[in-house]
Ligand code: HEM
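Listed next as structure tokens is one chain, alone, in the form predicted on its own.
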Amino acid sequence: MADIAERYNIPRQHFWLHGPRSRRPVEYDADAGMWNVYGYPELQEILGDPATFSSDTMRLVPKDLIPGGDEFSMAGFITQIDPPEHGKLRKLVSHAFTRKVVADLEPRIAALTHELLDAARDRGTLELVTDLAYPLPVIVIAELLGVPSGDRALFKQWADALFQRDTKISLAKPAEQQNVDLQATLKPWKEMSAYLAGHAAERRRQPRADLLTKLVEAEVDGERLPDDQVVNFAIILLLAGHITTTMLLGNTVLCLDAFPEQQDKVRADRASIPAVIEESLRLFTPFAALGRATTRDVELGGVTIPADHMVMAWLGAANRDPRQFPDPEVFDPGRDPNPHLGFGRGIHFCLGAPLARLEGRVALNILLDRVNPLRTDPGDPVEFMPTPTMTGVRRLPLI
């Protein structure tokens, strides 16, 4: 992987892509004021024990840094909610991602893939992210939600402002710097909230057969969801519903460029595409880290983490733990079993995983048909996202 990191000029903050780690699986980062967990069995314990490792990390953020009133609300932000409220909210949209609903989207995904590749062919160039890996999933999730897919330039603007940042997560920064970081996040968040609030209000007046209408009409414990919960829930679906697939598709093509013998194999045996995608999720884990907050003192990996401490669970590093994965730096789609943590585990397992896998499978199959070979352009280098907790390319020009 060190050779791959150099070949693609992968940023140093993506340490899990720069060769194997030799340090302990659990370490305290005094500069950041939080614990880092890198080991596979340790992450299994974290993800399987939400009572001890709470998703409500905002409670550890100094109160004077959290905007009040109508400026900011975490209500409905499902990735930050613990049981039992989490299960109630998740159930509201789980029907939108059932096996049948997702399978029925396959013809639409295939048609969109061909349309987007046709447009790129007419332009005479193919930059995978701009031409396919971004627009494909964002159109699909926008159509599911019921917002105009033609607004995808807006969605990208907001997603880039939130995710395309090289700022290291830290609770120990000076208050002034933390406030600067917060304001940089608040602006796109408020714009996105206002946009989705407008669409939600329209659904209250004129319901449609879409996911946003279902959120507006949904009830929990006999009561409709408040507006801020509807909006925040929709934000998560819109953002997570596209960015995972964007990274997954780009990362998988990058793996096939870096390991051309595996590209030859999957061209000859298309039934192996799902295994290729699973191994890509392990080797280039899109969401490489998750935050958790301890609710009690807990022993993990031979050390004791005190209560009320932030824990960063590094999925990207755990997916390379040699205790679980032999030859972890090798891209091996024949790896069986392959119990990677690319979509998380436990109650917060990625709700859209079936959709992301389908989009990846359909798009990759069509790409293999239409682009031979899949090769990066040495004259136009690959660019990785700078975000320390995410693994993905933001530009991937192909020859």
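Predicted, not measured: the structure shown is a model, and the values here were computed from it. Heads up: residue numbers just count along the shown sequence, starting at 1.
Absent from the display: the form predicted together with this ligand. The rest refers to it.
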Residue contact check: Thr252 to this ligand in the predicted bound form, 4.5 Å heavy atom: no
Tell me, yes or no, whether Arg282 is in contact with this ligand in the predicted bound form, where a contact means a heavy atom of each within 4.5 Å. no
Mark Cys350 yes when one of its heavy atoms lies within 4.5 Å of a heavy atom of this ligand in the predicted bound form, and no otherwise. yes
Answer with yes or no whether Ile141 is in contact with this ligand in the predicted bound form, where contact means some heavy atom within 4.5 Å. yes
Given this ligand in the predicted bound form, answer whether the residues Arg90, Leu248 and Arg292 all have a heavy atom inside 4.5 Å of it. yes
Give me the residue from Leu132, Leu256, Leu315, Ala234 that has a heavy atom within 4.5 Å of this ligand in the predicted bound form. Leu315
Of these, Ile78, Ile305, Leu117, Met192, which has a heavy atom no more than 4.5 Å from this ligand in the predicted bound form? Ile78
Based on heavy atom distances of at most 4.5 Å to this ligand in the predicted bound form, which listed stretch, 119-127, 220-228, 240-248, 268-276, is the contact stretch? 240-248
Applying a 4.5 angstroms cut-off on non-hydrogen atoms, the residues of 271-287 near this ligand in the predicted bound form are Leu281, Pro286, Phe287
